[in-house]
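As a starting point, one isolated chain is supplied in structure tokens, in the form predicted alone.
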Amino acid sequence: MRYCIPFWNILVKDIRSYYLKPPNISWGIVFPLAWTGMFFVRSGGGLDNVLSLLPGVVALAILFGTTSVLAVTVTFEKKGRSFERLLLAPIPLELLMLAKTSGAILFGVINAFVPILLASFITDIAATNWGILFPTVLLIAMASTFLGLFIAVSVSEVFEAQTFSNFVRFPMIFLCGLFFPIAMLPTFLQPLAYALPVTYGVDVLHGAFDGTSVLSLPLNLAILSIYCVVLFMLSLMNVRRRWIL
């Protein structure tokens, strides 16, 4: 219980200071929707294609929303030396970093349901498996957040974090089965696709929305969970090695 107050205060401070700012809204929501519109125009698809595109839009909204936030909050506070003051909080480093990332996870989950809400007005999503959808969205948000955290603690400047994030995010648009099946990729690129965490989240989302997942649900969720743990531990190692002298 003694850690609840500092954890909560750090979380609330980040929400007030950084979240729901126009740049985060544009990257997390407007950008994925713009990509979806582009695919609609390019493919000439109608409303029948909404459910097939929705998993990709949801995953993009989470990925771009969480990584954009972390690239600013963590790197900016390190640059401004306010992160050093946070280290004085009576809370272990692990919980401190969880407090710094919990807001981004929440932001990613909220972002995920914006395109779902919009889709509900233009197509029937009654067949959606919500029992699978909710935990999957949470796991994708966690994996994307910890990926953003790993990037943020690996650089020194905000622009470096944004550049590195784009270097990772944009290939995922084409490699993770967001808008077309991985089987359509060249053979030499398919192993790379399965090395990316978003691939497994999108596969589950396809199963939740239209029942077209390729891998089994337990395998997808297990791999996503492993990515969450590994990325978080690697981020902690970087913080201890690069930021704590």
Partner chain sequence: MLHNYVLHVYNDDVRSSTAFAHTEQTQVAIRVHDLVKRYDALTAVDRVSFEVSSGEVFGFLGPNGAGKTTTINILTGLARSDGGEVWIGGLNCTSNTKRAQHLLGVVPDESNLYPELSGFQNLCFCGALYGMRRVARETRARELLSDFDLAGAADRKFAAYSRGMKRRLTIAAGIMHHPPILFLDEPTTGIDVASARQVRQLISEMNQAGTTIFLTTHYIEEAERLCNRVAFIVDGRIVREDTVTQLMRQVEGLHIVEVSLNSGSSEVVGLVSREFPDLRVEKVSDAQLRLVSARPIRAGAVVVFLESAGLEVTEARQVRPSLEDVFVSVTGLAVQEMKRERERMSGGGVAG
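On a predicted model such as this, the values are computed, not experimentally measured, just so you know. Positions refer to the first chain, counted from 1.
Beyond the structure shown, there is the form predicted together with its partner chain, which is absent from this document and is the topic of what follows.
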- Tell me, out of 89, 116, 175, 109, which residue has a non-hydrogen atom within 4.5 angstroms of its partner chain in the model of the complex. 89
- Message: Considering non-hydrogen atoms and a 4.5 Å limit, does its partner chain approach residue 231 in the model of the complex?
- Response: no
- Message: I'd like to know whether residue 77 contacts its partner chain in the model of the complex, with contact meaning heavy atoms within 4.5 angstroms.
- Response: yes
- Task: Indicate whether its partner chain has at least one heavy atom within 4.5 Å of a heavy atom of residue 18 in the model of the complex.
- Result: yes
- Closest heavy atom of residue 82 to its partner chain in the model of the complex, within 4.5 Å or not? yes
